[in-house]
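Let's start with one chain on its own, the form predicted on its own, as structure tokens.
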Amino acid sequence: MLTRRRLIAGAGAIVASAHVGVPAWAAQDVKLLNVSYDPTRELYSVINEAFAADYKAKTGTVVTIEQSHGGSSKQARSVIDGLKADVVTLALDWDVTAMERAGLIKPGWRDRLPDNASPYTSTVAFLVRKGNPKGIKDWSDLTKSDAQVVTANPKTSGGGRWAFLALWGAVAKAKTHDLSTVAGNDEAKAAAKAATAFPVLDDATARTVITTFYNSHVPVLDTGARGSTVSFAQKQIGDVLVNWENELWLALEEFGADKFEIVYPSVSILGEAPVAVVDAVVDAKGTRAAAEAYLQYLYTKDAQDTIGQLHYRPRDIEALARYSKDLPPIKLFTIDETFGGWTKAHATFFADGGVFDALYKPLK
């Protein structure tokens, strides 16, 4: 079992290298930059070492992988503005699509790897202070009580957008699936493919609840998911943190189960985290082979096991079952079936002038 008790890094983009026993003479070997989102620092620190060893054993090539982390949409913007990422491992399909539209990633990237090019998933749940003094049990408790909620800004954070959509879909009673089974996954994929109408986009009740939530119950909107974890767990702001499941587990491990509790709502959203090779960069640098092998490695049994140990949900159903004590089955709805995919969801909710801009009125 891996252990990952370490201080939670502060918010904001960082670049960290994972040099895996690289001798000086190997400096000419392959170097990759993985531009990722906030919460994946710990995951890729472990994955990078394992991949480098595996790749060297198979090819004889020494590979060094650097990591860059920050809010998902900010990271995508940095790549579009010139940050030379070989691969991106982000929180949102939309952020990869933005790079595709910028000409950096070729169309069809979503079909190059299994499961929408998302080798692991997560969901959105709650972290409360020990004893759950505000009695937070489900989405309705976030606005019915006097709870103060910490979550990330949907304009800049992938985790923030997933949290927004999780609340919206739960209020709008989106159709859910049991994605802990093969049959449930097949059912969800078929439903997403068949979906043609998305009435939840215009759900008036969801709009009212979301307006109340962000304007009356959220004291601070951090730019990234990790920043919101720091605000809640280290700065002691708020009564409940709404964030990625893996972030909740990290805070629990870092600060102690005697201080916090994880609460799973009755339903939530399937958070798919896509990965893609940045075609324009790897073709210019000559790193395509290593970059593609790096992303393919994420689907191996070893990597899927690491993913489960670090509280991301493996795509492999057997691996997911091995970690079901920490990652319990929960009814999930998908963005494709519920909201018509990320392009539609982005245009409706998060683009400039969209629903979030219209409803959110920050205090002066």
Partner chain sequence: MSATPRVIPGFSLTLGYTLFYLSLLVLIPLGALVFKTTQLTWAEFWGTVSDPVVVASYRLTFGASAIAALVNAVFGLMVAWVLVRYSFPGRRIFDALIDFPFALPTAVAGLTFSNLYLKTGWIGGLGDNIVGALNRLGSFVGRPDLLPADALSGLDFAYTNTNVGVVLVLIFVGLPFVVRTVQPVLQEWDTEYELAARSLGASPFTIFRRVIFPEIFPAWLSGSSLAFARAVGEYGSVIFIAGNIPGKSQIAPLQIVTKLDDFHYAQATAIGVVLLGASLMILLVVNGFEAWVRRRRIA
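On a predicted model such as this, the values are computed, not experimentally measured, just so you know. Numbering follows the first chain given and starts at 1.
FYI, the form predicted in complex with the partner chain isn't displayed, but the following is about it.
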Check for me whether the partner chain, as it appears in the predicted complex, comes within 4.5 angstroms of all of V220, K235 and H346 - heavy atoms only.
yes
Looking in the predicted complex, any heavy atom of D95 within 4.5 Å of the partner chain?
yes
Does the partner chain come within 4.5 Å of any heavy atom of V263 in the predicted complex?
no
Can any non-hydrogen atom of I80 be found within 4.5 angstroms of the partner chain in the predicted complex?
yes
S180 versus the partner chain, in the predicted complex: is there a non-hydrogen atom within 4.5 Å?
no
Contact segment among 277-285, 80-88, 140-148, 249-257, judged by heavy atoms lying within 4.5 Å of the partner chain in the predicted complex
80-88
Sole residue of N116, T176, T123, S231 within 4.5 Å of the partner chain in the predicted complex, by heavy atom
S231
Which residue, A76, L270, L241, A163, has a heavy atom that falls within 4.5 Å of the partner chain in the predicted complex?
A76
Stretch 324-352 - residues with a heavy atom within 4.5 Å of the partner chain in the predicted complex
H346, F350, A351, D352
